[in-house]
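Next up: a single chain in structure tokens, the form predicted on its own.
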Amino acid sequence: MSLASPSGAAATGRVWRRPPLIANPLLRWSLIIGSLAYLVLAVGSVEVNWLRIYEGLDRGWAFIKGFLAPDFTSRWGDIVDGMVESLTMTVTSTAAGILLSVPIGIGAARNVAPRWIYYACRSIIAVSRSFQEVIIAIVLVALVGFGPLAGFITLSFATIGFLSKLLAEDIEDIDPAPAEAIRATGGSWFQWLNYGIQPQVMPRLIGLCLYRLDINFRESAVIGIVGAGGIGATLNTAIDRYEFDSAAAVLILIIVIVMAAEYSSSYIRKWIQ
């Protein structure tokens, strides 16, 4: 099909239009009207307590003012302990998660592993990705008690689902020519994996590990709110006591550390690639 030029379109009186995503107009408009109706009903079902919002404006403004004069001194000891605990949980859980994710990711790649190993590893990934970190942390706090152990297990478990899935997809998308060349020379399975596949996915894997390290630190602040240790417990205590200036100090430190991790990981990824 040829596209008519503007002059040609003007001459013929016909203008080309992009075809709709759904060709059937009855189905298309039914979906649009149904989606809008559901959106209206969903918004209408939300119960909004305007009096409660009005009463909370003062506390919201007090929280914002806390960022203008953050208090780093009153709870400095608790902040340092929480930060050290969060960083310890982040580094150890990321390392443990990487060690477990690599073999699971290799097993979850369809072009590398036998079918039964593939399905077993994919099942592990699916289970790990099915639950949000806060839910896992609540369960683990009930199992092992309050403290950083629950946070360590939570972040390690979440790292497996994240890293294994992306590593498996990278392995499935490799250029098969180098790997086939290794096999053509009579190389073993480990040599095929080490020389044919590993060089193609290693830069991406290192970048993903650094990205997960960043995520785990941020998640350590979230799961601490439910008792899994870390700076989140300090933040939750400050907010419960309406010490918004101390809470602002904690949040500012979290932002600074996340930004430092982001810039560092970006530099390392560029250096590796």
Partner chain sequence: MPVTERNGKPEWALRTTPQQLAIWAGWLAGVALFVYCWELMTQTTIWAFFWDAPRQAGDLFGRMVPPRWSYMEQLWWPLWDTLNIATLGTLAGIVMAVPVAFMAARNTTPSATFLRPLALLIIVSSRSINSLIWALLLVSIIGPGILAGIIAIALRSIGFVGKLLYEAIEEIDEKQVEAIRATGASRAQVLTYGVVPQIMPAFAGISVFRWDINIRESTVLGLVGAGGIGLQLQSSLNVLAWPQVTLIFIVILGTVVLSEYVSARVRHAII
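Numbering follows the first chain given and starts at 1. What you are looking at is a predicted structure, and each value in this text was computed from that prediction instead of being measured. Rigid core (definition): largest C-alpha set, two forms, superposition within 1.5 Å.
One more form of this protein should be noted, the form predicted in complex with the partner chain, which is absent from this view; the next part is about it.
**OP:** Tell me, please, which stretch of 183-191, 107-115, 148-156, 68-76 lies within 4.5 angstroms of the partner chain in the predicted complex when heavy atoms are compared?
**Re:** Looking at the partner contacts, the answer comes out as 148-156.
Original post:
Given that the partner is absent here, does residue 80 sit within 4.5 Å of the partner chain in the predicted complex, heavy atoms only?
Top reply: Residue 80: no, not in contact with the partner chain in the predicted complex.
**OP:** Determine whether any heavy atom of residue 30 comes within 4.5 Å of a heavy atom of the partner chain in the predicted complex, and answer yes or no.
**Re:** Contact check for residue 30: no, nothing within 4.5 Å of the partner chain in the predicted complex.
**OP:** Please check if residue 218 has a heavy atom lying within 4.5 Å of any heavy atom of the partner chain in the predicted complex.
**Re:** Because a heavy atom of residue 218 falls inside 4.5 Å of the partner chain in the predicted complex, the answer is yes.
Original post:
Do residue 177 and the partner chain share at least one heavy atom pair within 4.5 Å in the predicted complex?
Top reply: Close contact is absent here: in the predicted complex, residue 177 is far from the partner chain, nothing within 4.5 Å, heavy atoms only.
Original post:
Which residues within 48-77 place at least one heavy atom within 4.5 Å of the partner chain in the predicted complex?
Top reply: Residues within 4.5 Å: 48, 52, 53, 56, 59, 60, 63.
Original post:
With both forms fit on the core, is the shift of the CA atom of residue 69 between the shown form and the other one 2 Å or larger?
Top reply: No, because once the rigid core is superposed, the C-alpha of residue 69 moves less than 2 Å between the shown form and the other one.
Subject >> Rigid-core frame, C-alpha of residue 31, shift of 2 angstroms or more between the shown form and the other one >> reply: Result for residue 31: yes, a 2 Å-plus shift.
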